[in-house]
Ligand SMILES: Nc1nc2c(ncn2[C@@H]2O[C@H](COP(=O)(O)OP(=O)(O)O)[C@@H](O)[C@H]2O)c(=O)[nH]1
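Heads up, the chain below is alone and in the form predicted alone; it's given as structure tokens.
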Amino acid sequence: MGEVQEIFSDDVKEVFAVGLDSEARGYQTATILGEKIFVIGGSSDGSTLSIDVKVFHKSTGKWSVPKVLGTKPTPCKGHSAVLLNKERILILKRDSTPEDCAWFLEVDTPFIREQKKILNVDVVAWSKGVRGYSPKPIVISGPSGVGKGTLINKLMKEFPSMFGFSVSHTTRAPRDKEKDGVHYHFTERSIMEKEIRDGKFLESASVHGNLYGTSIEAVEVVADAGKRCILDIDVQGARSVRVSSLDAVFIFICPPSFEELEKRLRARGTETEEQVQKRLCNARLELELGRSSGLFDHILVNDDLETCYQSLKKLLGLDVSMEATQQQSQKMVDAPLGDSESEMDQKVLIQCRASELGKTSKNWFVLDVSSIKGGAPGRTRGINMYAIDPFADGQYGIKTSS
């Protein structure tokens, strides 16, 4: 790593700029956490710098390259790093848009500790920072024929701008008129298997020799669009989602009786007797798990469709004002990325430079990360950015000179 090792000493700050490295030829930062020093940065192509991760172990004097989960930031013209709660590093990309400036490298969060146990290697994970919050996704499960698809369609029809579906992945070939990214994300088996191992899927299953699954990114994309994601998955899939990092509302739809469910399945007339018997067998197991396992937050009985639908809306707190409130919370603050940063109680003070009429002026912003939620391998939501006067009397412990 060139000259980097000569800079490390016991009396340096926890976060500092390493500077140019003769081997990497790129701008890097180093963050000390216990016996490890996380070096973030990489080689330059002349205009942008990649954001790679290496770890220096002070006890052994050796370097290692951890397994990196999540989607890493795109190359940029440089970055700054701030350690937060000794579990994640806030990365501020220079010359980036407000929607892409803040990223988190998780190094010791609960998700990272769990992945280390599973993979038995050093792990770090990237998570994109997003301003504001998004409503919890909704996981709706129930046996085939219970009417959950009809309930979801009614929600989508009445609240078209509020809800959205995550597009599932599959390794099977597209059928006639199926479009990639619309009906499914069609992918190669080797690619999907790797992404499942990398923790990028909430749930997955093998069906008739093909893989199907719901990726975390597919759910986050719906939230990025300002919509509340609905996941229509079976009980086994819901169980996988429950133990994942996704904070969701779990709803189980059940029939008034097993006999009524069988009646509805046969009334559809779309399956052979063998298929009906298979669905009924699966339904018995799903009903038993759905009612007794504590997996679901709410259980709704679909005896009368309209009554059940009204109960679903009430459960979700749907009213006329909710949609407007949600859309308002998704607005971004259009603020530039700063040239220097310092941390103060989960609030990062950013100094920005702006050129106006040939003159360079300095503006100050606070990036507040005190209420962040979520994290790798999905988004980290809840950051806030606003302009301040850092020299106002008493503000942030900085007083104007008299």
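The numbering used is simple: start at 1 and walk along the sequence shown. Bear in mind the structure is a predicted one, so any value in this text is a computation, not a measurement.
There is another form of this protein, the form predicted together with this ligand, and it is not shown here; the text below is about that form.
Contact with this ligand in the predicted complex, judged by any heavy atom within 4.5 Å, is made by just one of 134, 144, 115, 109: 144. Between the options 313, 298, 94, 279, the residue in contact with this ligand in the predicted complex by a heavy atom within 4.5 angstroms is 279. Although this ligand is omitted here, in the predicted complex all of 168, 172 and 286 have a heavy atom within 4.5 Å of it.
Residue 233 belongs to the set of residues with a heavy atom inside 4.5 Å of this ligand in the predicted complex. Among heavy atoms of residue 203, some come within 4.5 Å of this ligand in the predicted complex. Interface membership of residue 207, defined by any non-hydrogen atom within 4.5 Å of this ligand in the predicted complex, is confirmed. Residue contact with this ligand in the predicted complex: residue 79 places no heavy atom within 4.5 Å of it. The stretch in contact with this ligand in the predicted complex, judged by heavy atoms within 4.5 Å, is 144-152, chosen from 69-77, 144-152, 122-130, 221-229. For the partner-free chain shown, 212, 213, 214, 232 of 212-232 come within 4.5 angstroms of this ligand in the predicted complex, judged by any non-hydrogen atom.
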